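Presented below, as structure tokens, is a lone chain in the form predicted on its own.
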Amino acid sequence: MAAALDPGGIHRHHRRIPAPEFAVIDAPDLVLARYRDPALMAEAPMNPVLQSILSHRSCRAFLPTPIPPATLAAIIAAASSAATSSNLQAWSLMVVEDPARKARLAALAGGQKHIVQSPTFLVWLADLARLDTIAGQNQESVTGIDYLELFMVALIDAALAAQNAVVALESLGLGAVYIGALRNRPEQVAAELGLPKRVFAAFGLAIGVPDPAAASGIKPRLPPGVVVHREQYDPTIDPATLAAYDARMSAFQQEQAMPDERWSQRAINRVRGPASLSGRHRMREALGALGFELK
């Protein structure tokens, strides 16, 4: 696999996958699509990077087209270009293309068919084992990796790398969807992937060429007035602002033939209690079993 992902082959063998048939949209229209609030439309700078980011949508249906090795190498190089705390680079990536293994991972993640359908499934790993191995090779012992801070560093490193990868692959006409449900059964996922102690499968990412027959819209996000704070945190939320967002999400769900459920109620239901966490309420126990001390 290492030879297939050699970055030296990116320019020699790369062929661009045709982008999906999305219309070119001006900056104010993209902002409107993201927030669905005319009050937030404004003149904004625009370039291909911003256009790609603002156009992001989850892709849950893929064509069987394989991803060329050079394209995957470029995506991995983009992931490796993300910021990393203290340059520890405490993340790793598992590339899964075997149909049987994808099917087993899909079963562990609640039967999500897009894991099986995607030609390539990426699993992003919070990896403290590599630091332990490097220390051992230098006849040194490191106990700092047993603390919660280092686990947080590894999780953040993995998330930053993955988001860089998503921006890169979408710029090449590919689509992706994050799979947090890999955390439903962490020990079983670790066994399937042969992970050593102190390596945790943080989330998955199904990637591939989007199926144009199942194109999705741009999902509205909470307005900046709710998520952006200046100087100090303001805990108040205007009920009218939240109701307006619920209405925009309801309209989106109807357009996409999705179940119409108020976003605020769905969010409440998702965090209501241990039963709503799909098995993830036992995460501390699972992390202990995977070798994380979390002092």
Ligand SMILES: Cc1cc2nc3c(=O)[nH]c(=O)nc-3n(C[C@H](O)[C@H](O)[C@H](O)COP(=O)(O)O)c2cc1C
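It should be emphasised that the depicted structure is a prediction, and the values quoted were computed from it without experimental measurement. Numbers follow the displayed sequence, beginning with 1.
In what follows, reference is made to the form predicted together with this ligand, a form of this protein that is not presented.
- By the criterion of a heavy atom within 4.5 Å, residue 101 is excluded from the residues contacting this ligand in the predicted complex.
- For residue 173, no non-hydrogen atom is located within 4.5 Å of this ligand in the predicted complex, even though that partner is not displayed.
- Taking non-hydrogen atoms only, residue 151 never approaches this ligand to within 4.5 angstroms in the predicted complex.
- Residue contact check for residue 262: none of its heavy atoms lie within 4.5 Å of this ligand in the predicted complex.
- Proximity to this ligand in the predicted complex, taken as heavy atoms within 4.5 Å, picks out 176-184 from the listed stretches 176-184, 130-138, 87-95, 189-197.
- Contact residues in stretch 91-116 (any heavy atom within 4.5 Å of this ligand, taken in the predicted complex) are 112, 114.
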